[in-house]
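The chain below stands alone, shown as structure tokens; this is the form predicted on its own.
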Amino acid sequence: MIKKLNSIIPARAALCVALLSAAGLASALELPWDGELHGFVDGRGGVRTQSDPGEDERNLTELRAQLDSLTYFERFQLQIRGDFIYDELADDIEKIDLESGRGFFDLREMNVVFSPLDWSDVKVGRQILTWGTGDLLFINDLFPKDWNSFMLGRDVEYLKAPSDAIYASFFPSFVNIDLVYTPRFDADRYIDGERVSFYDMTGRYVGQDNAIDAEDRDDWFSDDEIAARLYRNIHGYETALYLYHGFWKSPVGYDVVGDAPYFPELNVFGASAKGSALSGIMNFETGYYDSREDRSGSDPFIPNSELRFLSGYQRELAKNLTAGVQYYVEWMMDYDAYADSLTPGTAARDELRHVLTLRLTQMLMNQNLILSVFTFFSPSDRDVYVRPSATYKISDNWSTSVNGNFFFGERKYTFFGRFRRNNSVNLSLRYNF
């Protein structure tokens, strides 16, 4: 382990020098118009804690500078937020791909917000969207995620990928309504093997040499998405109903003719509630995943429909110590048809997949030191994913953190067990302005 950390010291030193220079430049910036400018410069490096012959020994060596500008006009406001990136491990840093986030620039947000009526707001453009009640578990939040960033050890804010959408909110007296229209499908920044390796359901290893390349759904107004949320407060509980019409967010289907993974059609109908109970906060969420291309469940190349359920509870155990627990289950519909459709040698999923999570957070040293650990445990899959982290606030502007990603599993094709070659530790230094 010491040898691996020593291998990134020269790169880390170079990043720190660049970080100091960029920080001085950023702090001197001022907007010449009516608006605000914020951002940060973040240097981050990490190594795998075990051998993975299909991936680099280092999983992160990057410098990231984010600028966030909010400009006010008479009838609307304009937000632009983007990251300038130096990624030593990227194959083609000069080529920008705004959908996947690859390249030296990642446009996180660029949108305008205005109020056409007194009881409505509209946001148009690239934006980060989220709703639902889960903590790192998502049922009705069908907006894109960046799973590569999450598992590589970038800041948790990068779990949310941007959407190119129209977001309209309406506030009549009886209920609040959110409508989101995405004219061209925004997929997850999914795990493809290039930076995070995995085993598929047949036990085949997928890494850099055989990374998957899914069929794009990129036809405007044909490959579109619609999401809706109706919510209001009922007796102190935040309640909501959800609707989604689009596609599975990761390429979980397989096109036999085209010999490539793809994104099957999907509807989701859901509900949630969240409020105070038992000296803490409780939440419930459910969703029915209607797999539109295989409602009989007999096609082995398309996921079955599922019913998903989540419950959670969070409270303060002692001063500056909080705990949160969750129970999550996926219930596969038409399980017998699914089992009959499998080819010999393919591992079968369980009809019910259970997951328990535990988050512990301790704040010390006048809350300047934050220690946290988040654990996923599946008793049905018999696998575990642990995310420890420690963040220290050096000053009002400077902070440093260390975090880890550790996967354990008896079988190499289960949800977390398939990533067991990606255990890693990461160090970061950040300047906020």
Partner chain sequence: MKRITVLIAAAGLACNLLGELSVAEIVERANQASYYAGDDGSADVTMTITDKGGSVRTREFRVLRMNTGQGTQKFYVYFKKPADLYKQVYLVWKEVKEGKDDSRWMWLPALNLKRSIAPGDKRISFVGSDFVYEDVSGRSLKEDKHELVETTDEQYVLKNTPVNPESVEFASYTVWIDKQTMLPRKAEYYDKSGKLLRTVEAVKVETIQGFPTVIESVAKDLNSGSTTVNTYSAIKYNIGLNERIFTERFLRRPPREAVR
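Residue numbers count along the first chain shown, from 1. Since we're looking at a predicted model, the values are computed, not measured.
Unshown form predicted together with its partner chain; subsequent notes refer to it.
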Contact segment among 308-316, 84-92, 184-192, 334-342, judged by heavy atoms lying within 4.5 Å of its partner chain in the model of the complex:
308-316
269, 301, 284, 231: which sits within 4.5 Å of its partner chain in the model of the complex by any heavy atom?
231
Please identify the residue among 211, 325, 273, 156 with any heavy atom within 4.5 Å of its partner chain in the model of the complex.
156
May I ask you to state whether residue 371 is within 4.5 Å of its partner chain in the model of the complex, using heavy atom distances?
no
Can you check whether residue 51 is within 4.5 Å of its partner chain in the model of the complex, heavy atom basis?
no
Interface membership of residue 173, its partner chain in the model of the complex, 4.5 Å heavy atom rule:
no
Residue 139 versus its partner chain, in the model of the complex: is there a non-hydrogen atom within 4.5 Å?
no
Triplet 74, 121 and 393 all within 4.5 Å of its partner chain in the model of the complex via a heavy atom
yes
Out of 84-115, which residues reach within 4.5 Å of its partner chain in the model of the complex, heavy atoms considered?
113, 115
